[in-house]
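Here we start with a single chain on its own, the form predicted alone, put down as structure tokens.
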Amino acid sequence: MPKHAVISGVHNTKVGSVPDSTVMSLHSEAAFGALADAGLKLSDIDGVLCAYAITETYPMLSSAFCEYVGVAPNFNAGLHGGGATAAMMAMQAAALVRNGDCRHVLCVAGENRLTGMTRDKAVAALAEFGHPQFEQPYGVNIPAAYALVAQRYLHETGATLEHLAALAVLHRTHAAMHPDAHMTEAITLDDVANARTISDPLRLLDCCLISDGGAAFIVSASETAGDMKKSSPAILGTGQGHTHEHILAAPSLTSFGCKMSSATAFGKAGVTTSDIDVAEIYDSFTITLLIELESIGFYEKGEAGEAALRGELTHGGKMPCNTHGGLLSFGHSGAAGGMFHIVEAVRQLRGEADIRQVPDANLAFVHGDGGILSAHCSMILGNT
């Protein structure tokens, strides 16, 4: 039976407006922060995984990053799975160290999406999303596609806009506890209800932020854990699930690949949803998290919104979720958005989350999704 890979170091930069930042400056700051956290040197890194960037053009971003910081790894590659990329990096890195190809794999992402793009460029990026023949010509964009999912979910379950708003308020409350978060000013259910509509039924505060920021983590061989500066949570189980790329081809608007990815991860780890102490789940929109909480199995269909209103998803509740504030309030800077969830999960398992800390957190569930709920990757992390 192969030994578990571990996450030996994590780091995130300040998130929000980071003036004068670049893709490479954010990557390098995050990477060297993770190295310091693990107590490793750059020369210890023998594997590198990067994601993608849209504010600057790097056809081979991972190679460009290695060149920038001066590392020549045994394995070097770029991954692109949208918001699932970070979890996919961890899954790939774990396979590399278990197979003996690497001992320490640095996974890093970062982008200056707030200060490095004009508003017009950001809008254009949204407009260019979708199938080039069957979606783009008709004006489908990312918020509109998620609004389609939201409309169907509300119709099928009887859930309300207040349920969506409860998740937005929850994330802002959690972000206010994090010193690096983009948005920390308190919001109310009324604030969400009165925010302008982006794509009906999604309002401004139902949508993730656009931020500058970077993050990194290091996946190491388990036999190195004793040499690490800090405790190293193990990657106990991973899984992926894919049902479509474009929303027009989705077999369902309310059932997605997260069911498959999470079932595989839980099966490999030998645990269930009831064993999880803290969850860090991708939240590009409030509807994203609502559907995933139920599809993964934390709640029955149509029940997660009421659970949020009852306070079950925060500290002291049944399932503390996105304790850093998620994409909705901590920040979203491209592929680094999903990295933030992993960084927070590791800090929770180490007991390093300060006032955000979930007591006695020993098992964490992490999930990323890319596209319009298209690509899914789930992970179980645990203290061993």
Partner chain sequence: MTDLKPVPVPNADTQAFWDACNENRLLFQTCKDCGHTQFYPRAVCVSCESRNLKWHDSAKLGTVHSYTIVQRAPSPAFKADAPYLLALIDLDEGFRMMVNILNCPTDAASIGMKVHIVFEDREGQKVPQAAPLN
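It should be emphasised that the depicted structure is a prediction, and the values quoted were computed from it without experimental measurement. Residue numbers count along the first chain shown, from 1.
The form predicted together with its partner chain exists for this protein as well; it is not shown, and the discussion that follows is about that form.
Its partner chain in the predicted complex is approached by V123, whose closest heavy atom lies within 4.5 angstroms of it. Its partner chain is not drawn, but in the predicted complex it has no heavy atom within 4.5 Å of N99. Proximity of L248 to its partner chain in the predicted complex falls within the 4.5 Å heavy atom cutoff. In the predicted complex, E303 stays away from its partner chain, with no heavy atom inside 4.5 Å.
Residues with any non-hydrogen atom within 4.5 angstroms of its partner chain in the predicted complex fall in just one of 271 to 279, 150 to 158, 255 to 263, 178 to 186: 150 to 158.
For the options V71, L236, A95, A144, the one in contact with its partner chain in the predicted complex, meaning a heavy atom within 4.5 Å, is A144. Contact with its partner chain in the predicted complex, defined as a heavy atom within 4.5 Å, holds for exactly one of L79, M228, V140, A195, namely V140. In the predicted complex, its partner chain lies beyond 4.5 angstroms of every heavy atom of every residue of 62 to 89. Between this form and the other one, the CA-CA gap for Y58 and D120 narrows by 3 Å or more, being smaller in the predicted complex. The pair D120 and A64 is at least 3 angstroms closer at the CA level in the predicted complex than in the present model.
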